[in-house]
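Below you'll find only one chain, the form predicted on its own, shown as structure tokens.
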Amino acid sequence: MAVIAIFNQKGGVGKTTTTLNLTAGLARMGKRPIAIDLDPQAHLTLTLGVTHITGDESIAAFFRDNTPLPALMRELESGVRMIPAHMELSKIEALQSKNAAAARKLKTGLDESLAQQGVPILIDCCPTLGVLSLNAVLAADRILVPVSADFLSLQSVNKLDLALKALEGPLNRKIEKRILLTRFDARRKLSFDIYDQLKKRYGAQLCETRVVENVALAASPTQAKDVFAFAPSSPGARDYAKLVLELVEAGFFD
């Protein structure tokens, strides 16, 4: 199974929402996914109901003390396994920003301890292309880029596309990615305009599934639940179920 980084340099586009509900959807299919929170804000950790942890219990300990990744993993009732984040990750970002070797640490750790489990591993990234996000990109087999249906988000994904292409030379491989349109509102002409522009530029890289603007997606984290547990009949649950099926059938997690 593949390592997937969920990344965009712009905040508010649905990275954590997508990671939360993709892992939940995969768990519902019996695939026992692993979610890694690589954002110092630790929003994925919080939305998964993991609270009151210390830096020593988070992925910060992996970067700081070489604590093995399996020792940090938690089993959740939903069937998702996760490695939580902590605000101490911000220190890693600051202290390791000039260390080129530090950008490959996560890949090495995954290859040594988790990759052989044969399950999908999803990484929720922070919205900056720093040492933490580079760790995710270099460790990932593929990247999923959520893009909200607004003008600034469109500009951000185009810039990210250029940045990823610049990395392909040093990596000596093509970075496979898919674009996911989120916060789609069928009442707004702009949403369709953004979709058309993404389709024209990225073609088959654009997911067929569009995630609609939906109150259940915003409200479910307040109850530490994914959208399937919080509102299984909601449009948000429908869209993420469709997205999981689309990506599974496309071999995105293989």
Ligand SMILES: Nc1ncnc2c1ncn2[C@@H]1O[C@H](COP(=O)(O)OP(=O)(O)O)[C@@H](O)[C@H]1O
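Counting begins at 1, following the sequence as shown. Remember, it's a predicted structure, so these values are computed and weren't measured experimentally.
Separately, the form predicted in complex with the ligand exists; it is not shown, and the next lines address it.
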Triple contact flag T23, E246 and G251 to the ligand in the predicted complex, non-hydrogen atom at 4.5 angstroms: no
Contact stretch among 207 to 215, 55 to 63, 23 to 31, 193 to 201 - heavy atom within 4.5 Å of the ligand in the predicted complex: 207 to 215
The ligand contact at V13 in the predicted complex, heavy atom, 4.5 Å: yes
Heavy atom contacts to the ligand in the predicted complex at 4.5 Å, residues of 161 to 187 in sequence order: R183
